[in-house]
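The chain below stands alone and is given as structure tokens, in the form predicted on its own.
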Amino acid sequence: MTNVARPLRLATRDAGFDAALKARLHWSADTDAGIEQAVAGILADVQQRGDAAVLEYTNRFDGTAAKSVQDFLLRPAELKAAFEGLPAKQRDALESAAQRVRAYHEAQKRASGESWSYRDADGTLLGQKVTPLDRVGIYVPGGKAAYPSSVLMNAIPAQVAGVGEIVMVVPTPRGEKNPLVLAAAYVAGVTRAFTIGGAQAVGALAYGTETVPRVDKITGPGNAYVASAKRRVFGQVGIDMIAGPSEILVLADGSTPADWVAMDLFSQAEHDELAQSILLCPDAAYIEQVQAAIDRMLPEMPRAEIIAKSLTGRGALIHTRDLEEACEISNRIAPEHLEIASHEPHRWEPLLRHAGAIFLGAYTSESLGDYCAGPNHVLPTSTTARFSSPLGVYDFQKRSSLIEVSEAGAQTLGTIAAELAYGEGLQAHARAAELRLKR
């Protein structure tokens, strides 16, 4: 085991900086060919054999001995009992986090999730109808650790959106159920929950089996097998995103205690060896202080070996000319989590265009966003924040256009449509419009 972490040291003034940064940021989303082949086989088997395949793979991979997929169904009473059996502090924390997440997503729905319409001068009505999905599936990781926060972040916006049924799947290796995950499902309003995971769970949600209902969309992160399965079933169902390794980027002006910043870098590095933690700072002496804090605090961390591998293999401490340049580089990286560790965070925030979530000021640690601040922690990774958004109410809604053309409006629009339709060689389109014109 190593307790030494040496993030790559870069300076924007150095020759070759751009190439070095590009190499450090590189992460391939391509899945191992063996994983792709295995996932393809599992999905095909689930589609063909349904419950029998789900049962076989779950018993094999999770080390369980269930006789039926019904054995994996978590009854509502079991979820409630898990919640009521939690220590009071855990129960209160879970309810407080859920309340904040729900309040945020209700505000999000009010801002962008309502139907609207207007009428032209001629009486034509145009608008948009917003409706929730009927049924969604949420995948909650459960292999190396338990993630009740993922339950809240996936289920609550679906519930706020008005989704009719929320089906949760969570692997339970060796049949060990985490009470906090079950309690979170109870608090978040999960409708049905199954203790299955992996590609077979994704396949069951996408295709439906005798026991697991088919859903309209699947959200939530998972391992490489889950990511591959989600990619393959897209089109049969909707998906949120294909998540890559976790990321944090800290913009620092030197005013935040170095220990705080070092621990924030640890908070992502402890996820796994491929997680990425980057510091951008114009103060060389402060960068040295952060490295010293890393050296001092790392041996105290229970996941020190994972943190060390992550920081050494994918981390970076980057000396910039100024904070304006740091903001420019941050936009190139488009990180999942972006902290502005500055005494003037609102001065720099307008310069930052691409990030999954932006954390303003020294007291806003990324971990607060992970658990209880309110905004969603399911965020775009691997530079996809350039064109993607956090999971939200809008991911569980769809929009239908509303068009009601008045008789007067048909005279104007019909002439326009017919002219364009003839130009495209689509005579029936043109005639359909012309039949409504007054002669």
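Counting begins at 1, following the sequence as shown. Computed from a prediction, not measured in an experiment: that's the story for all the values here.
FYI, the form predicted together with another copy of the chain isn't displayed, but the following is about it.
Ala93 is the sole member of Leu274, Ile329, Ala224, Ala93 with a non-hydrogen atom lying within 4.5 angstroms of another copy of the chain in the predicted complex.
Of the residues given (Ala161, Val187, Leu352, Ala82), Leu352 alone sits with a heavy atom within 4.5 Å of another copy of the chain in the predicted complex. Using a 4.5 angstroms threshold between heavy atoms, Ala385 counts as touching another copy of the chain in the predicted complex. In the predicted complex, Gly235 approaches another copy of the chain with a heavy atom inside 4.5 Å. When contacts are judged by a 4.5 Å heavy atom cut-off, Ser149 counts as touching another copy of the chain in the predicted complex. Another copy of the chain is not drawn, but in the predicted complex it has a heavy atom within 4.5 Å of Lys398.
The stretch that touches another copy of the chain in the predicted complex, counting heavy atoms within 4.5 Å, is 100 to 108, out of 100 to 108, 67 to 75, 169 to 177, 189 to 197. In the predicted complex, the residues of 262 to 290 lying within 4.5 Å of another copy of the chain by at least one heavy atom are, in order, Met263, Asp264, Phe266, Ser267, Glu270, His271.
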